[in-house]
Ligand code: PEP
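The chain below stands alone and is given in structure tokens; this is the form predicted alone.
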Amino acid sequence: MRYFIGNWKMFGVPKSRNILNKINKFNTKDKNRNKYKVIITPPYTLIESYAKYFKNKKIVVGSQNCYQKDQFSSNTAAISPYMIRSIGAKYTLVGHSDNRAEGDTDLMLKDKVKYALKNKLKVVFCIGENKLEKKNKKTLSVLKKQMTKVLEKNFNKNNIIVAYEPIWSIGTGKIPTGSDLKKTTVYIKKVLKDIFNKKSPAVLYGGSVDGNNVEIFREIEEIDGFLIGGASKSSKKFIDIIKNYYR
């Protein structure tokens, strides 16, 4: 199974649903539709209405983040995995570089993963190195630390997906070379296999994915799908990625 996950970030109002309607319409007619899953993570404000609307359709709705406590607490503006699940989200991103930059620590991320899994959310756990770390050839050690500090053997690996998003690639149009990406993905899966003592969860790539470069990624069979930012805000661009992947 391949995954095409659209992360809308700070984008979208109720009528933006039309973008998803077009993607859903394409999916229902696509001969490859049983080979992949489409997940969209809109802002918190849209999760409930979108989850309800797409309930029996092809698009699954998730959240872009969650708070590191369970159920309810006195933290102003915080939204727990329990609350997200109760309005129909099925997935949540955890550890996106935006949130790490805003102060999410490994300890907080571990709690987010733990409580998300407890509340039957599937977790898309984001990892990635920055420009300096890449320059200093620290990519693999940084990724290993990000995974081993947060993910535990007793977490249900069937409900975890890992998304590799090099920070230097997000929104820049720069992407890793095919050979670098293959090497990195193989390494990530090896670390995950060590953590869980069994087959690795799915590993996705994210960072400047578009309809043109997706063909490069198609060659790397270790990649199980994509976390798509900017291009997911346009039904045409998102559909082009899927079409060109299966071309």
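Every value quoted in this text rests on a predicted model; they were computed, and no experiment measured them. All residue numbers are counted from 1 along the displayed sequence.
Beyond the structure shown, there is the form predicted together with the named molecule, which is absent from this document and is the topic of what follows.
This chain is displayed alone, yet in the model of the complex one of 108, 147, 78, 170 has a heavy atom within 4.5 Å of the named molecule; that residue is 170.
Put simply, of 208, 65, 68, 200 only one has a heavy atom within 4.5 Å of the named molecule in the model of the complex, and it is 208. Between 83-91, 129-137, 161-169, 110-118, the stretch whose residues reach within 4.5 angstroms of the named molecule in the model of the complex through a non-hydrogen atom is 161-169.
With a 4.5 Å cutoff on heavy atoms, residue 230 counts as touching the named molecule in the model of the complex. Although the partner is absent here, residue 237 sits far enough away that none of its heavy atoms falls within 4.5 Å of the named molecule in the model of the complex. Shown alone here, residue 22 lies farther than 4.5 Å from the named molecule in the model of the complex, counting heavy atoms only.
Although the partner is absent here, residue 17 is not a contact residue: none of its heavy atoms lies within 4.5 angstroms of the named molecule in the model of the complex. The partner is not shown here, but in the model of the complex the stretch 91-118 reaches within 4.5 angstroms of the named molecule through a heavy atom at 96 alone.
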